[in-house]
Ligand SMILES: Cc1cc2nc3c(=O)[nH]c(=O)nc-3n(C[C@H](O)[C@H](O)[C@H](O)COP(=O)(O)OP(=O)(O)OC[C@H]3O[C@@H](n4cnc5c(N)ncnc54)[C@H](O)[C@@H]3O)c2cc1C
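Just the one chain here, the form predicted alone, laid out as structure tokens.
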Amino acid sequence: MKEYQAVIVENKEIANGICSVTFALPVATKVRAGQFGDIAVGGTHLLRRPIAICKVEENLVTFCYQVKGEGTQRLKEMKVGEETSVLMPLGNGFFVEETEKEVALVGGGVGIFPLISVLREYAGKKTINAYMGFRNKGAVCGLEEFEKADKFVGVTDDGSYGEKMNSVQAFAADLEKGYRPDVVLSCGPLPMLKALKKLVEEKNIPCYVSLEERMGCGIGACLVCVCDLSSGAKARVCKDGPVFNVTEVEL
């Protein structure tokens, strides 16, 4: 982890209520797929905003975020050329073993964004099927990235883009046709992760999930983002995660 004084080179809306911001860092940095950054938004907002890293190209790093409150609204309003503090990379991220050749990505909502970084790291090295769920056609984004997958299935809650279903249902449909990945990587809302956990446990497929939790410090000190482990212990999503084996966490 390092604190960077980063300069905004692009900040734009890419779907309804969803934006992409690209920062120029002073030096090039390396990031593992699934890690995140903690962005200072200034003004009266003392707490940084933890946001998944979508892509890194030398000293340019791109984050995608949903505008939900005053902090992300402030981030949306930041202009090209404006400078702010970014702590990154944070968290343990995703890691695909050498023996895991077939990878399934299952994402929903803003949970699709950490999975873009997986595609960028492993496309061409692994066979990747991506199943992404969106609220509606207006929320669809990132298609140019998901086209890097060997197979991409995009669906929506209302059927306005792709079929009317969620990403877990789309993934399950392919399992019923005989598809079986070596590992599943996922991020999305809690109901989606619960459904996925039930499915992969029934099918006995290894699965790793990136949890979405409110965070205060992003470095494991404040304990705001503590989650329950199946063992009865506690874990800090920001420091011990955000990626966990799905069997190790209570959802």
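Residue indices: 1-based, along the sequence shown. A quick note: this is a predicted structure, and the numbers were derived from the prediction, not measured.
Although not depicted, the form predicted together with the named molecule is the subject of the following passage.
Engineer: Just to confirm the contact call: exactly one of 43 to 51, 188 to 196, 25 to 33, 201 to 209 touches the named molecule in the predicted complex at a 4.5 Å heavy atom cutoff, so which is it?
Structural biologist: One stretch meets the cut-off, namely 43 to 51.
Engineer: Check E102, N129 and A172: does every one of them have a heavy atom within 4.5 Å of the named molecule in the predicted complex?
Structural biologist: No, none of the three is in contact.
Engineer: Under a 4.5 angstroms heavy atom criterion, identify the one residue in T84, T156, N92, T72 near the named molecule in the predicted complex.
Structural biologist: That would be T72.
Engineer: Is F134 one of the residues lying within 4.5 Å of the named molecule in the predicted complex, judged by heavy atom distances?
Structural biologist: So F134 does not count as contacting the named molecule.
Engineer: Would you please decide whether F146 lies within 4.5 angstroms of the named molecule in the predicted complex, comparing each non-hydrogen atom pair?
Structural biologist: Taking the distances in the predicted complex, the answer for F146 is no, it never comes within 4.5 Å of the named molecule.
Engineer: Although the partner isn't part of this model, could you tell me whether V110 comes within 4.5 Å of the named molecule in the predicted complex, counting any heavy atom of the residue?
Structural biologist: Flag for V110 set to yes.
Engineer: Within 4.5 Å, heavy atoms only: does E213 come near the named molecule in the predicted complex?
Structural biologist: Yes.
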